[in-house]
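The chain below stands alone and is given in structure tokens; this is the form predicted alone.
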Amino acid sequence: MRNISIIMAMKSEAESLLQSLQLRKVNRPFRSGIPFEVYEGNLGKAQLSLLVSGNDSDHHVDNVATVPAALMTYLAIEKFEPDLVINAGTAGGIAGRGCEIGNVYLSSGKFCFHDRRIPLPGFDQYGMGLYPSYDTSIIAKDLQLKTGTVSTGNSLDLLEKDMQIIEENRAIIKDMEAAAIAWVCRTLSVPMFAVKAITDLIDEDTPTATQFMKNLHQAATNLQVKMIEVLRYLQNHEG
């Protein structure tokens, strides 16, 4: 896997990784109006492209959640033709299943949604998603990283029903992009997995937003360290 695209939502999550990899910004990589930022470079023999969502022109905040993530992934695959897509970022975790603030997880099993509830025959499973993650078990073992199922939704907080679905799918990690990215990758037959650093514990009483802002720097720093390890591992061990 010599050509890897990394998909990230927030610039604040990506800054330390961009600096460590010394990636260069690509000017106007897409048609006018597309807000995504693209950075390119190399790590050893691996060619890297890293995309972040950019800012919404009306609200001046990062373009987070599933719609920008899906479009960004499609454009990355069309332009860079990667052998592998990695969704890197921060996420919530379940303390009752061993998550701690700052832990870094690799995705395992299948990506799912917890807020696409369509109670009609066939559509109920479609809404759940269940798109495959690249098998990270050997990488996780060798790098001593935890693994877990990632569940995606478009809200930072959770409804009771969302939590019920997360538990039914035995998910450990809750984010706002991964399953949408996984859908695009499955559709276009590109392997994909996620690397997620925990900013908040969704089964604790402290509001998610409060935890996120408090722990974002720590999680982003840990994410940068582990992403470098994962990328070096891939170029040295994968086919």
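Heads up: residue numbers just count along the shown sequence, starting at 1. Predicted model, so just to flag it, every value in this text is computed and none were measured.
One more form of this protein, predicted together with a small molecule, exists but is not displayed; see below.
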- Any chance 156, 202 and 212 all have a heavy atom within 4.5 Å of the small molecule in the model of the complex? yes
The small molecule in the model of the complex has a heavy atom of only one listed residue within 4.5 Å, and of 10, 21, 220, 230 that residue is 10
Only one of 37 to 45, 183 to 191, 167 to 175, 23 to 31 has residues with a heavy atom within 4.5 Å of the small molecule in the model of the complex, and that stretch is 167 to 175
### Message
If we define contact as a non-hydrogen atom of the residue within 4.5 angstroms of the partner, is residue 70 a contact of the small molecule in the model of the complex?
### Response
no
Q) Would residue 107 show up as a contact with the small molecule in the model of the complex if we use heavy atoms at 4.5 Å? A) no
Check: Using 4.5 Å between non-hydrogen atoms, is residue 92 touching the small molecule in the model of the complex?
Finding: yes
* Asked: residue 208: heavy atom within 4.5 Å of the small molecule in the model of the complex?
  -> yes
